[in-house]
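A single chain comes next, written as structure tokens; it is the form predicted on its own.
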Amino acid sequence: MSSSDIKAAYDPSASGRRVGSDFKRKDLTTLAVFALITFTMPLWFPLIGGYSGLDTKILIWAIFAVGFDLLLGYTGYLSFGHAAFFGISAYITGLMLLHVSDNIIPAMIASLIVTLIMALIIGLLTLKRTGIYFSILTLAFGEMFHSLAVSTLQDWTGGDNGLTGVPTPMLFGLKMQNLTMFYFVAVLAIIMFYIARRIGRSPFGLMMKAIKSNQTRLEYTGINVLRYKLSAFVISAIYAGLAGSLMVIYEPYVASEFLSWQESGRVVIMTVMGGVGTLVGPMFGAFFMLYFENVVSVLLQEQWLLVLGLMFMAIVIFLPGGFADGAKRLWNRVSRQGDN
């Protein structure tokens, strides 16, 4: 967004209100299209080779990816340990369902509270560093929690075997399975996407972009940059925590791999391939990654990782804006041809 757009968005004049109205209309249109695609997914997804349950998993990872993009795409902080929040929330949800109640509401609330607390602690310890130092610190925290889960806390977590025996999650007498689970996740995905869009358009979102643009200059103006960075980090962690909780509800089992660096790497790849800073792109990246991993890999067999790696390299080199940038270029080209 240019400086003139920012001024116009907050200008009380008619032109300012007109720009703000255009933003709102664009957001609502994007949300409506996303909701339509999401709710009709059980109808069209099998037509392209998808199987039941994979659509739910895609939406869960889409929540994770859009939250991760709020941190990476808007503040420029690359976390290699975001799986820590995904895994911690998953374990809390599983333990609550196993030892307290099979109702998902208390389990989700408890998992998000713990995620919030851990995000505050880790954020305060890591956000004083920038660049690769921040990334390495988050990776270290992620691996520390993974090590705790498979060793020190294995009596609670099940160690390498993961947390098993979790009962079928329930919501007011409804079993969270099949289409019930899908539409529950779909509604949450739409809500979280809408919240992310609103955050991105808000003054807080502009501050995050300013941090990414020139953090030092922003500090010289007297603004408490750490507060904004910590807020962005916590919001992103809550998205990851929600995704982790939903993953256990979707599949009542907690794998120790939920805390591993590979899970953090997956969400990074999804975000980069989809388009960093676009919010829509990382969600499409989640769709592509899981579809490729679970459907296309059957055709490619053992070579699917090689093909995926080559595609990732090609996107980074030739299309650094990801799928979102590619779609935008294609749309502009079609529009120009239409005008001619």
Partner chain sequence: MNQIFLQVLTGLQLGAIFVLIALGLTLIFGTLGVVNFAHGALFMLGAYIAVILAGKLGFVTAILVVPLALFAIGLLMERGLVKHFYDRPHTDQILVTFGLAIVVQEALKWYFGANNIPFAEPAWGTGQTIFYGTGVTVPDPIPGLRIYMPFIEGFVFYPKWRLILILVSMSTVAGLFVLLQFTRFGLVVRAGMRDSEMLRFLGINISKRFAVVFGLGSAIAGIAGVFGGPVTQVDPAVGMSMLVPSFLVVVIGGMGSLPGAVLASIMIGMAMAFSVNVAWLSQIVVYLVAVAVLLIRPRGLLGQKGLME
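All values derive from a computational prediction rather than experimental measurement. Numbering follows the first chain given and starts at 1.
Only in words, not in the display: the form predicted together with its partner chain, which the text now covers.
Proximity to its partner chain in the model of the complex, taken as a non-hydrogen atom within 4.5 angstroms, holds for one residue of L306, L28, I48, I37, which is L306. This chain lacks the partner; the member of V100, I105, I132, L174 within 4.5 angstroms of its partner chain in the model of the complex by a non-hydrogen atom is I132. Put simply, F141 is close to its partner chain in the model of the complex: some heavy atom of it is within 4.5 Å. A residue is said to contact a partner when one of its heavy atoms sits within 4.5 Å of a partner heavy atom; I136 meets this definition for its partner chain in the model of the complex. When contacts are judged by a 4.5 Å heavy atom cut-off, T164 does not count as touching its partner chain in the model of the complex. Residue contact with its partner chain in the model of the complex: W156 places no heavy atom within 4.5 Å of it. Note on the interface: of 185-193, 107-115, 78-86, 92-100, the segment with non-hydrogen atoms within 4.5 angstroms of its partner chain in the model of the complex is 78-86. Relative to its partner chain in the model of the complex, residues L54, N178 and V334 are all farther than 4.5 Å at every heavy atom. Contacts with its partner chain in the model of the complex, taken as any heavy atom within 4.5 Å, map to no residue of 100-114.
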